[in-house]
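In the form predicted on its own, a lone chain appears below as structure tokens.
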């Protein structure tokens, strides 16, 4: 790996804290990912991306900025990346899945708050995330009260544009959301200094849709038994999709799918035929949060879908490509993003319907609904998930956890008991 220390220093990183993070990541990644048997060869690219997670991609962002480009960070799948791309910017995901900078974060945040919020604030205040330090602007949204108020604090340290996400999906809510997307376009044009044209937006939509189609193709291949790829590997790919170069990422996913199609024809899988097939649902699992998937798949099951923001919610719907004007395309973009089933909506029947239909499509034996501690929207909505799955006789295990490793053994015990119950059905 190249020496990136001068680049990290120029970004103002706390090198000592950053070194501690980078020393832990390879060990964790090795134990979770490199220990897998019969892994597809196409995963080598994604292994490389993780090995260079704060290296090559960060250098690409610096080169982009040196050429006059802008980098815009996002915390949520509701931020329309097509608009950033059409204005010549690069959008990167900033959600984080590890305990870091806790002492700094707790100086401005309450101790008992969602781990995801505390993590991204810790990354910024602790100056350990080069993605954060590369951003000219970050984009927040009102999908939960904790994030909404945290963005006010974050704005003291980096410019923040907040998009108001509606809490319902009535016609007046759709009109509100369209106005927010229009405002976002104007803000992005101002920050980048570039006008979004019909040509640039049309191409951005096609590029982003191509990425989604590649991820959908990957997801479709997971219907097969034995599963040709592990759920852990698919989660990793979905995590990387939020910050990697779009055309390069799309090409690599499609190349992997070519390999997986051959594996399906040959009957090769990462788990034995008939292994318990599970859907993982709930709050997003930002990189490097692999705890629960690792427990599940080292307990003998295989994850066949992620009904999460780091999963299907990110890529399941496409933006129509036939619109001609910028105004029409922005309206199509707004419509696509409002179809995402976040727990911030009330009611959120679309999510319940999706989990039930997904269980049938993927021939799942059960669902594990995993929620981060203090995430009130998803913790409360677990009641609705339970009710919907009970009505369709779909086994469910609800888990509540955080980014620490202390509960790993307890989670493993509960998962193993759930799998034993499935085997007795």
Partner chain sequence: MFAGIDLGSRSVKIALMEKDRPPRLQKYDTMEFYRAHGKKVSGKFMLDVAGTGLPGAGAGITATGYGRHSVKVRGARVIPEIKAHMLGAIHLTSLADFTLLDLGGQDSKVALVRGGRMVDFMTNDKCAASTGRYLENMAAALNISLVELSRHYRSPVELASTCAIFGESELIGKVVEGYSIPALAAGVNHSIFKRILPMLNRLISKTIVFTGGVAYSEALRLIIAEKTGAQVVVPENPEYAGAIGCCVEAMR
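In this text the structure is predicted, and so the values were computed from the model without any measurement. Positions refer to the first chain, counted from 1.
The protein also exists as the form predicted in complex with the partner chain; that form is not presented, and the subsequent description refers to it.
Engineer: Only one of 395 to 403, 60 to 68, 22 to 30, 354 to 362 gets a heavy atom within 4.5 Å of the partner chain in the model of the complex; which is it?
Structural biologist: Residues of 395 to 403 come within 4.5 Å of the partner.
Engineer: Do heavy atoms from each of 189, 197 and 202 fall within 4.5 Å of the partner chain in the model of the complex?
Structural biologist: Contact check failed for every one of 189, 197 and 202.
Engineer: Answer yes if any heavy atom of residue 3 is within 4.5 Å of a heavy atom of the partner chain in the model of the complex; otherwise answer no.
Structural biologist: So residue 3 does not count as contacting the partner chain.
Engineer: Would you please decide whether residue 14 lies within 4.5 angstroms of the partner chain in the model of the complex, comparing each non-hydrogen atom pair?
Structural biologist: No, residue 14 is distant from the partner.
Engineer: Considering non-hydrogen atoms and a 4.5 Å limit, does the partner chain approach residue 418 in the model of the complex?
Structural biologist: Although the partner chain is absent here, residue 418 would touch it in the model of the complex, with heavy atoms inside 4.5 Å.
Engineer: Give a yes/no on whether residue 10 approaches the partner chain to within 4.5 Å in the model of the complex, heavy atoms considered.
Structural biologist: No, no contact at 4.5 Å.
Engineer: Which residues in 397 to 416 have a heavy atom within 4.5 Å of the partner chain in the model of the complex?
Structural biologist: Stretch hits, in order: 397, 402, 406, 407, 409, 410, 412, 413, 414, 416.
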